[in-house]
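Given as structure tokens, the chain that follows is alone and in the form predicted alone.
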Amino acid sequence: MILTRPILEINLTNLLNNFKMLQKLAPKAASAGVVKDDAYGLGAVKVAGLLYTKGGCRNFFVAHAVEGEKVASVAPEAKIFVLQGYGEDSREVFERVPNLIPVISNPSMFDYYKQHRLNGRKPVIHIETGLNRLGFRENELERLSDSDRNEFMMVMSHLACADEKDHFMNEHQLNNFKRLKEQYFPRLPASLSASDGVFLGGDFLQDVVRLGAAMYGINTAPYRENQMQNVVRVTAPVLQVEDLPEGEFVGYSATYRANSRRKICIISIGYGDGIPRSLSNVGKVFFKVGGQLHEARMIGRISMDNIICDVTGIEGLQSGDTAYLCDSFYTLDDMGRDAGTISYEIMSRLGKNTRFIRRYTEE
């Protein structure tokens, strides 16, 4: 069979197992599935439906109301929290979908909510504890009346450095969160931790944990061996295998020159498919030939549609074979490290690309 398009495989069994494992780390907290950005590009409807039907998940987080509406179609009885909040551009969606709950992060948004209430639904209040991104600052909390504070159903914040276990910011934010919650919202349930915070345990868990990146196989606690099962596999077909004479150049701008006779292969995937161009001349590709796994290096500039690799010494490789860009032996975390970015960004870029053949597996 001759293929020309790259393939993105999402292992739903591993994703569900990761969700359940994270639940065990926070047994007293409600587990929410974070499916924003189309479930990090892996398909929010597919992932949310899986978590809802097979994982018993009844809480989800999205970024925008339009994302939440899609999730509601497969999770009709779940609470779907909308992190970017509530405004004129999302009001119609909130009114149409009864299980969307806005996260209110500033006084002007709160004023808008009070002017356009949502069928008795109470929002979540986001408070700032040290990340200095979204959230009410303490001086803004001080101006809330008692009746204002009673408008909310939950209080949340977000950790800045939870992927570094001993970073001083973790305790700093936890102490801020506990102090502000006790002072302004002592009776409300609370959510502080996303996936990385779950591994910190203890008071970081609070009442609701937001399970995202780790559920998708990313190592959100890099100070320890990744406990998550791999979810994403990226493969692409080998289009050609050619001899490269000594002294010949490879790719745009001629950034690679062969210092000896080499063998190269051209793979049908490139930066147009979401592979970072920064992997040019440093990235890795793998091949399974003769029952063995072989590693090769990307050479030359990555182009929009193709990557060229040095496959000297890999005997038997031919057109039509499969190149592995990401798998359990070379994960998105590994690719992100080599590309000088993070696995979150790569997953999002790959997942949104319509050129992939997308396959959901249950191995």
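One rule holds for the numbers: they count along the sequence shown, beginning at 1. As the structure is a computational prediction, the values presented were derived from the model and not from experiment.
Beyond the structure shown, there is the form predicted in complex with another copy of the chain, which is absent from this document and is the topic of what follows.
Another copy of the chain is not shown here, and in the model of the complex it never comes within 4.5 Å of any heavy atom of N17. In the model of the complex, another copy of the chain stays beyond 4.5 Å of every heavy atom belonging to N99. Contact annotation for F168: at least one heavy atom lies within 4.5 Å of another copy of the chain in the model of the complex.
Taking the partner from elsewhere, Q240 is found to have a heavy atom lying within 4.5 Å of another copy of the chain in the model of the complex. Residue in contact with another copy of the chain in the model of the complex (any heavy atom within 4.5 Å), chosen from D321, D338, D327, D37: D37. Here is the short version: of V71, V231, I275, L211, the single residue with a heavy atom within 4.5 Å of another copy of the chain in the model of the complex is I275. Annotated contact segment (heavy atom within 4.5 Å of another copy of the chain in the model of the complex): 100 to 108, selected among 284 to 292, 147 to 155, 178 to 186, 100 to 108.
Residues of 1 to 36 lying near another copy of the chain in the model of the complex, listed in sequence order, are M1, I2, L3, T4, R5, P6, K36, the criterion being any heavy atom within 4.5 Å.
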